[in-house]
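Only one chain is given next, in structure tokens, and it is the form predicted alone.
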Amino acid sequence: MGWNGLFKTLVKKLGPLKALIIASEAGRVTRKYPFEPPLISEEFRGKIEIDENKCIGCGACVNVCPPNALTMEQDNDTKVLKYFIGRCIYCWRCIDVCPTGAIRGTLEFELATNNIDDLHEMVVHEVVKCRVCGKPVTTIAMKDFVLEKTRYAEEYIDLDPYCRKEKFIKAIEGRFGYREQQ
């Protein structure tokens, strides 16, 4: 074995010692979590929070939620936005589409619990019923939001789509004459 072979053998045997020397120069790079706060970057995405005072129940967040963590259920008197944290992938697409800014992201990630009910959140909205047929049309909060944005919707906002269409057709008939029956 020449000098080259001896040098290579020495490097192989001192490899772990070299790692120890580098580690001692760098110092400790990990945190004693949970005894110290974790390092969280600004790009980190935790669970979302829904402000029930700002939410209008439009359902835009439900339409863009890939894992269906956000769902909307409606009966005759209420429309309920449900958020199941256990399904959420923290993509925050719901934040991007919320027209009122009711949803905000947090850095909260410690969500373990023994009770699955702790992972469910709900926002309950009262619904507006059609003044002609009585079917649920939209939420009161959404009606107020639309009327604030445009006053032209006052005559149609509390009509269901079918009744709205009939009213529109009658208005056209009144202006341009009777329509032919098909």
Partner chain sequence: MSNSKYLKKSIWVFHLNTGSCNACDIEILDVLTPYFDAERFGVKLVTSPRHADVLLLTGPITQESLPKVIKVIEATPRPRIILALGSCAVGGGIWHDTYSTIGGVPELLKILDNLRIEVDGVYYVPGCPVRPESIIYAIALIKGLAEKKISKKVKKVAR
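Since we're looking at a predicted model, the values are computed, not measured. Positions refer to the first chain, counted from 1.
The same protein also has a form predicted in complex with its partner chain, omitted here; what follows describes it.
A.B. asks: With a 4.5 Å heavy atom cut-off, would you call Asp75 a contact of its partner chain in the model of the complex?
C.D. replies: No.
A.B. asks: Should Cys58 be classed as touching its partner chain in the model of the complex when contacts are defined as heavy atoms within 4.5 Å?
C.D. replies: No, Cys58 is distant from the partner.
A.B. asks: Check Val132 for me: does it contact its partner chain in the model of the complex (non-hydrogen atoms, 4.5 angstroms)?
C.D. replies: Looking in the model of the complex, residue contacts with its partner chain do not include Val132, since no heavy atom lies within 4.5 Å.
A.B. asks: At the 4.5 Å heavy atom threshold, is Val29 in contact with its partner chain in the model of the complex?
C.D. replies: Answer yes; at least one heavy atom of Val29 falls within 4.5 Å of its partner chain in the model of the complex.
A.B. asks: State yes only if every one of Asn63, Glu148 and Glu155 has a non-hydrogen atom within 4.5 Å of its partner chain in the model of the complex; otherwise state no.
C.D. replies: The answer is no: none of the three residues contacts the partner (heavy atom, 4.5 Å cut-off).
A.B. asks: Since the partner is left out here, which residues of 22-39 would have a heavy atom within 4.5 Å of its partner chain in the model of the complex?
C.D. replies: Residues within 4.5 Å: Val29, Thr30, Arg31, Lys32, Tyr33, Pro34, Phe35, Pro38, Leu39.
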